[in-house]
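Only one chain is shown below, in structure tokens, and it's the form predicted on its own.
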Amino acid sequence: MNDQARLALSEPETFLDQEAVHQIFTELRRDDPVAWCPETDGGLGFWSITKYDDIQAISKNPKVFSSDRLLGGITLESAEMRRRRQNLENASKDEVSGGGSIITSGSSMIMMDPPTHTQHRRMVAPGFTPGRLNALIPEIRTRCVEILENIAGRGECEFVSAVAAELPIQMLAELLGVEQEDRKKLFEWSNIMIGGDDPDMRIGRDEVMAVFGELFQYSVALRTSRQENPGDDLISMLVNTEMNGEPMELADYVSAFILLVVAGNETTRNSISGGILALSQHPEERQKLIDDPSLIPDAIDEIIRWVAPVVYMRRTALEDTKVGEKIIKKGDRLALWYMSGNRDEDKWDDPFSFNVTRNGPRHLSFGYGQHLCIGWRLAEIQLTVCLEELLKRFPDITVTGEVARMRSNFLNSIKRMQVRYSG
């Protein structure tokens, strides 16, 4: 494989063409599964890890492969995202409501290693127990039905804004214990935080400062409110659970709030929209689920494998080590390409076929090891309920026209997707 193809993995533009990206990953898995890749904009380069077993092994070894924010965290920072971070770090006291340095100095659990990661994860773990999530199913179904009733009779709609984004953002507001009207702010903030590499979603410096200032004020007001009147929501858990006898620091709390806002809706949104696209592109698989809805819960794993809502996570080597046949030096960065691991020919027969009755290993889309997404089960429940209700009401739902993907090599996100349907 030539250097240009390796370089392409650091360019968000590349991932607008899913077929081309999968071709790069297929060649790397076959010829160079631990591959050194250069970066644009003078980046240092990184190792591309493309095989399922290697990704799992690295993910469960935080003593050697770190997620720590101080080492760069979990992403390969683009030039645009670097500029945004630097603007926040250098913001004056009159900007970002004085919270610029607080926003950039805190760490959330996704950018921590054990034992600190474990302590922070335990703070919100009570919000994701099987009993609590199962108790949410009736409400998820009620909200989903109401959302689908709103599009009934139209014959067509823009699916992402009408359905795929609406259900998880409503449930996020519920879990945070905020008014449903506030979900519009949460949705806007989430898009701005993850869309910096997309020209359609990018905003100017002053607007970024204003948005992060609004988010900072909102999160701090929530913190004060839950300190005075705690409930059983996720914010109350963050604010009122102590570590080593001390409450969570403000900077870490703000970072945790941002993580909940983004992770609480993005992966589910991407899985729902990507799942409907896959079923539209493979009508014979959709028909299996229509003929036998009891297949839907088991089909969810295949849908999430196929969609890969999170494209990769980064790690940083804490010592010299070896992955496969390659020597990894201390300080080297590694991209764990979930999108590639999910199509590993050594793990699935015919991994490029979409098969809702497939049996095989669990996908990597929600991570592995101690950083397995804490909300993975909630995401699966929402996707299951959405497909059950959607295929019952609109069995012929079909994607029409071009699908507009977000320009990103981190999240596999669809911005706009027009669908038509009867009913």
Ligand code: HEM
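Source: prediction; values computed, not measured. When you see a residue number, it is the position in the sequence shown, counting from 1.
Quick note: we don't show the form predicted in complex with ligand HEM, though the next part is all about it.
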Going by heavy atom distances of 4.5 angstroms or less, which of W47, F65, Y52, F366 would be at the interface with ligand HEM in the predicted complex? F366
Can you pick the one in V34, L391, I374, A57 that has a heavy atom within 4.5 Å of ligand HEM in the predicted complex? I374
Report yes if any heavy atom of Y338 sits within 4.5 Å of a heavy atom of ligand HEM in the predicted complex; otherwise report no. yes
Look up in the predicted complex whether M109 has a non-hydrogen atom within 4.5 angstroms of ligand HEM, and give yes or no. yes
Does F128 reach ligand HEM in the predicted complex if we count a contact as any heavy atom within 4.5 Å? yes
Would you please decide whether S273 lies within 4.5 angstroms of ligand HEM in the predicted complex, comparing each non-hydrogen atom pair? no
Which of 285-293, 221-229, 187-195, 110-118 lies within 4.5 Å of ligand HEM in the predicted complex, heavy atoms considered? The stretch 110-118
Enumerate the residues of 267-290 that have a non-hydrogen atom within 4.5 Å of ligand HEM in the predicted complex, in sequence order, or give none. T267, T268, S271
